[in-house]
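Single chain ahead, written as structure tokens, the form predicted on its own.
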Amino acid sequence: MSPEASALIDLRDAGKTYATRTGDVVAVEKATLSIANGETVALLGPSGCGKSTLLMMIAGLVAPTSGAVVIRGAPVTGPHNSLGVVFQRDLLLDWKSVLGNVLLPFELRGEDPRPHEAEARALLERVGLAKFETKRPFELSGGMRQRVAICRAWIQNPDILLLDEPFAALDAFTREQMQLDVARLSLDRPRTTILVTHEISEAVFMADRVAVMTARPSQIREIIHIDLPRPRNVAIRESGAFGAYVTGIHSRFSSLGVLHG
């Protein structure tokens, strides 16, 4: 079944223009994309091309100035309660413990977080943080903090997970480990995931489809299907098929003038 036939999320010529003192700035122009339930899609493009703006429109945190963003057939008019979001910065609260940060969404909704403590501990164990539940965020490394942020989004059991360059500030080894951690967590049940990234190999490793975005004013120029087996592991990065996808996408960006030389 095509994504269009079973779409959970529909971008229908969605665009965003910001008014500034020196004139209008078009961040995203007529983005059209259908995303199926359980699918992982990467929004791939150069820095500043409007990827995060598009993601925030899907989250309902930024209103489109043209077109529409539709989830389950209804236009998005504000923050959606079935979403989990992980930002590039972890946004943890330094006065709360690691466990307290993971349980924060329940507090914000006015719920008692205690019934969810066992699940929070299990999530932390799965990402290698079982011994750090009582630590404060300032006692953790950048990669550990980002794992906490991912657990905080995951414990809400969202139908849709939005990842806004969550690994961009990490070193190469930690970044690869985080990609594996997210991939393992995603095996629990079908979950629709949208990843913003400017790293080609990351998009190929994590996504079922890659949306190639142009420089600003950004458009979705092409959708590339990634036909690689799941679950994906480190070894798949050494395969010829993986390398062919990376090389092909690199060539597409070169043809768009994004990459030179």
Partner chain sequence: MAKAAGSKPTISDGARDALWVCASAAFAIGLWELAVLMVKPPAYILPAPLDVLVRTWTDRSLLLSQGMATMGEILAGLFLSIAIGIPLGIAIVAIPLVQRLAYPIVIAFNAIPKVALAPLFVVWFGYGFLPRVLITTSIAFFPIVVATVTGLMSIDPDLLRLAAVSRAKKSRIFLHMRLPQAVPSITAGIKIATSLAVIGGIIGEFVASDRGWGYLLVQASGSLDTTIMFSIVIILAIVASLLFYLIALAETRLVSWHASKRSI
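Positions refer to the first chain, counted from 1. Note that the coordinates shown come from a computational prediction; the quantities given were computed from them, not determined experimentally.
What comes next is about the form predicted together with its partner chain, which does not appear here.
Heavy atom within 4.5 Å of its partner chain in the predicted complex - residue from R72, H116, R89, R175
Partner contact (heavy atom, 4.5 Å) among the options: R89.
Partner-facing stretch of 120-128, 185-193, 166-174, 137-145, counted where any non-hydrogen atom is within 4.5 angstroms of its partner chain in the predicted complex:
That would be stretch 137-145.
V76 within 4.5 Å of its partner chain in the predicted complex, heavy atoms
V76: no, not in contact with its partner chain in the predicted complex.
Closest heavy atom of I155 to its partner chain in the predicted complex, within 4.5 Å or not?
Looking in the predicted complex, residue contacts with its partner chain do not include I155, since no heavy atom lies within 4.5 Å.
Is there any non-hydrogen atom of L61 lying within 4.5 Å of its partner chain in the predicted complex?
Yes, L61 sits close enough to its partner chain in the predicted complex that at least one of its heavy atoms falls within 4.5 Å.
Using heavy atoms and a 4.5 Å limit, would one call L180 a contact residue for its partner chain in the predicted complex?
Contact with its partner chain, no.
If you look in the predicted complex, which residues in 59-97 sit within 4.5 Å of its partner chain (heavy atoms)?
Result: A59, L61, P79, H80, N81, L83, V85, F87, R89, L91, L93, D94, W95, K96, S97.
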